[in-house]
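To begin, one chain is listed below as structure tokens, in the form predicted alone.
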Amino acid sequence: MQDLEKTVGFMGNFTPSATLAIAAKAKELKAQGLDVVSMSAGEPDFDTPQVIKDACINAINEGKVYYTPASGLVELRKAVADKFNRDNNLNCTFEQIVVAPGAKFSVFSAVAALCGEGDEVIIPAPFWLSYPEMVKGAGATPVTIPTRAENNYELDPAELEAAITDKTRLLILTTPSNPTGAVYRRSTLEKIAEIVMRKNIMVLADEIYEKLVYDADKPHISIGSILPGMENHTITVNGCSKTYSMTGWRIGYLCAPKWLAKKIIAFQSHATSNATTFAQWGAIAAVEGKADEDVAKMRAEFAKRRDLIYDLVSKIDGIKCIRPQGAFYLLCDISSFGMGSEEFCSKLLTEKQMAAIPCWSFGAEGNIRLSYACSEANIRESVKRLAEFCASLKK
């Protein structure tokens, strides 16, 4: 008789998210009454702007609670197309927009609709830990290219070209980056775009942190707008979670060439139906710019926190980091302490009750990720404990 517990479906072999283990242990210690501080959360600590909540509440009160097309409300798709044209210089129409239950699913649906067995997907490292799992889930093979701190963790165009084969279908590019906080320079994007077009592959541009950039000389630039014709080689993914502090609302969206958008819509029609209807009405208020003042205040606060955490962590003996230009993460090289990132974070949590994310599953072993999506008081206390822990390792 077959052992059902040993059977594995096509997508039944995912590696669980490494961040969940640290989160679970932190909760366990808190439940024991210990004073746990955390810099692990990848979500803003601000409330969703009221104008967005009001739009959602009004939709519920008006009975807008039924199915929408699998691709999303036409009103939202038109608003997103306008946003992409206005903010990102992407020449697109609403037929190219697909709304999903979260940008994470937007990424997965694009990969699943485009890639399959025998295909290769290039992923610069460090990367968001879900990318390789999504690629493997689609039956394709992830090909990672290490990036370097001295190059701002930007993908080297020459290394990209050398990695492209006849099997390459897609490059996943994230700017601003999770976990490095790096924002790509225009010159780098232009070189990457030229290679992509010449080699006839696609780029998935994950731009979920686009509004969270802090330096005038490092603005966010959408690669799909960088060269004429590049829009035909680009899937631009974005959403409401980070910019508008709407992580639990689960609203993501993408722009893709029409031929690919049709495939993604077909996939979503069987996988999820539509994103939550009344949440989509709230998202319309967001992408139309009705919460822009709130976003500006959040961005200004994140910029202050960025400066604070970089200043504090840079002074810790044994840790190296670059000043992030976007998102809300600081990647810290802890390799000088002679232990892996998982062991480092486990001991840090046990001995100092401070939670950080080990980056072995981000393609960056020897590094940890700190999230400054938290209060100044939390940042100061967390870094104090981190410094004390590092000092103890040096004895």
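Start at 1 with the first residue shown and count on from there. In this text the structure is predicted, and so the values were computed from the model without any measurement.
Below, we turn to the form predicted together with glutamic acid (GLU), even though it does not appear here.
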In the model of the complex, which of the listed residues (84, 244, 209, 153) lies with a heavy atom within 4.5 Å of glutamic acid (GLU)?
-> 209
Using a 4.5 Å cut on heavy atoms, which of 129, 193, 202, 260 is close to glutamic acid (GLU) in the model of the complex?
-> 129
Report whether the minimum heavy atom distance between residue 60 and glutamic acid (GLU) in the model of the complex is within 4.5 Å.
-> no
Can residue 41 be called a contact residue for glutamic acid (GLU) in the model of the complex at 4.5 Å between heavy atoms?
-> yes
Counting only non-hydrogen atoms and a 4.5 angstroms cut-off, does residue 268 reach glutamic acid (GLU) in the model of the complex?
-> no
Can you check whether residue 169 is within 4.5 Å of glutamic acid (GLU) in the model of the complex, heavy atom basis?
-> no
Taking glutamic acid (GLU) in the model of the complex and a 4.5 Å non-hydrogen atom cutoff, the residues of 168-205 making contact are 178
